[in-house]
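Here we start with a single chain on its own, the form predicted alone, put down as structure tokens.
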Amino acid sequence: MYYGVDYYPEHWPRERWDTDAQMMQQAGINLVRMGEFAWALLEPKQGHYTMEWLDEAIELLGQHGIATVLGTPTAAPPAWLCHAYPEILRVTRDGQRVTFGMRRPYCPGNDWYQQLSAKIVLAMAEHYGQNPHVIGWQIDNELGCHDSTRCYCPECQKRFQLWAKQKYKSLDALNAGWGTTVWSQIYTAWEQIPLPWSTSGASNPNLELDFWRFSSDQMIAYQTRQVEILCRQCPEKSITTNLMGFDFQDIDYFALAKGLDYVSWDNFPLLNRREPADTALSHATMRSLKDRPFWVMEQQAGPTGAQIMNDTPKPGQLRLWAYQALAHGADAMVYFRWRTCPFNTEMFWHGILDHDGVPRRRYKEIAQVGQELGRIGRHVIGGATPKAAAMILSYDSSFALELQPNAKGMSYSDLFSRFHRALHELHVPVDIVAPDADLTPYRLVVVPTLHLVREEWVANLERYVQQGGWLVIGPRSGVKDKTNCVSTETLPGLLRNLCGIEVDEYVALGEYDDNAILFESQTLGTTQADLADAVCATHVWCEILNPFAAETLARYTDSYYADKPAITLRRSDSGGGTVYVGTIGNNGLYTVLITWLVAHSRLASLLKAPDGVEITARERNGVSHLFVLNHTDQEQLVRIPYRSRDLISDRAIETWTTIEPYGVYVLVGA
């Protein structure tokens, strides 16, 4: 297993490199990522390459058994380049061109920048293509971060006009798709099409959705050009880029991942005080993009921050996060960073070592994990996550709701996370899939919302239910077509027959009003999950449903629509069914509903456990490895219903066993 760290030898004196390499080797580190921000040193002036310093670092680390993943350095163009070619700098929505001084200042579609990027990538590929210590490449760094996906420069306007022409073929089709009869926006020439600059006030959301799609495509095309160079020059070396988890939704990650050998991502659990379920959701999303194991290319190693520092990982948390990643499908772990930089923007973004380079608690904990993974990694690496439930992630719907949230407080990511948290707390394995994915491996499929609908997506869902699957669809689904026009059919539009309901009326509660729902006792009362008469709070949004081929699962309790249906079920002849959830609720609503659905869809939790204890599994060569992860600062008592052995400690685990604060078990049947 690769167990590594992000290393910046250019930040430190050459005489320190030997010490760093020795300390890495002692900690079980066998991989570094380097070079992704070193363009100014690799090409100090145009066409003049100086790679000797990096050669020396790669060779020195290789002598200590440490391999290298090289980053293409295009996320941070040097000062000489930005001065000589100012047109490569991105333009913001308000028409301002960004200035040099931060990473990711470039326009990904700019011809000059693409050419200059291609040249440095080609030079590195030719130089390191046969280096035995270089095992792979990382493209750029965190594509799209710092709000860099979308550029509003004049050249992007021309490219967007061409993109629109290729998509719509005719101006009549474009005008129809964008609804340009409103406010006399009809276009009679492709050159008239603007970008959604802030100076025009509220933009046409149909146009803007396409601009977001174009911007995603443009960033993917920028990555593709680098991938093609590297594949051509060194086809035996792997290629990835470091993504940013579920929460980043400016780029269609399903499309971006297609050109990569494997997905990697950057995990900082304490950066935004992420809950364990939120980190699990990002792990599941990254794993699911290619339905194969992934890497964590930047794993939190200390307190983060620039001007202000965030929380410091408590003793045991670094180890816990490493095993959480492993449990969800990670095949490699790379910490950010080796040593905390004493200067510039990230001087308070801590690594394994503090500024003084002295090994302390965090180093010892990471060394402990290195020793453990050296023993058990071979049993788990390459293992698959069991197929149980899936959640459908639609970047089109995410884009559309980001542009027009419909109600104050409505958030695609938040709604998605609420459904996921309920499955996570029941310890049900979850894949995150695209709307056109093959759904046959799953007993339960959750669609938090399918706000923007395509006919082929609906057909895919219908096939799934007809084959006996259980489907959940959340509110504000079926509202828009593929061009972002609101459906003129009775909502939920194309999903109407699948759900067996019509939306009679809807109410935008916003952030301050609320309601409640009462589940129907005669429908939900089962021996498997007796949830009769459960009452749950709702907020933000309520749809008043009119079932014409569905039964009512829950009704509103308050306001003028009290006793009206809020959640319905249309059963299928094949034994499955479609549940439509016409409201947004508190976490309890999703716990109640998903618990019942897990029982009815014949899903089984991996294990029952106390709150704060996560259970996941990976299967390899027919052997299941059960991960028990205690995310609390208290000792927890867990019941293991079969004889087992902990791979880490190599000891037998009793039926009732305690797990220490932030502790981990990796269990196999005894």
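Each residue number is its position in the shown sequence, starting from 1. All of these numbers come straight from a predicted model, not from anything done at the bench.
The same protein also has a form predicted together with another copy of the chain, omitted here; what follows describes it.
Although the partner is absent from the chain shown here, Trp178, Thr188 and Ala407 each have a heavy atom within 4.5 Å of another copy of the chain in the predicted complex. Heavy atoms within 4.5 Å of another copy of the chain in the predicted complex map, among the stretches 570 to 578, 242 to 250, 102 to 110, 220 to 228, onto 102 to 110 alone. Taking the partner from the other structure, another copy of the chain in the predicted complex has no heavy atom within 4.5 Å of any heavy atom of Asp563. Contact annotation: Gly259 falls outside 4.5 Å of another copy of the chain in the predicted complex, judged by heavy atom distances.
Mapping the unseen interface onto this chain, Gly588 falls outside it, with no heavy atom inside 4.5 Å of another copy of the chain in the predicted complex. In the predicted complex, at least one heavy atom of Pro194 sits within 4.5 Å of a heavy atom of another copy of the chain. For the options Gly478, Pro78, Gly370, Gly144, the one in contact with another copy of the chain in the predicted complex, meaning a heavy atom within 4.5 Å, is Pro78. Note on contacts: among Arg378, Arg463, Lys314, Arg232, the single residue with a heavy atom within 4.5 Å of another copy of the chain in the predicted complex is Lys314. Taking another copy of the chain as it sits in the predicted complex, the stretch 193 to 213 comes within 4.5 angstroms of it through a non-hydrogen atom at Pro194, Trp197, Thr199, Ser200, Gly201, Ala202, Ser203, Asn204, Pro205, Asn206.
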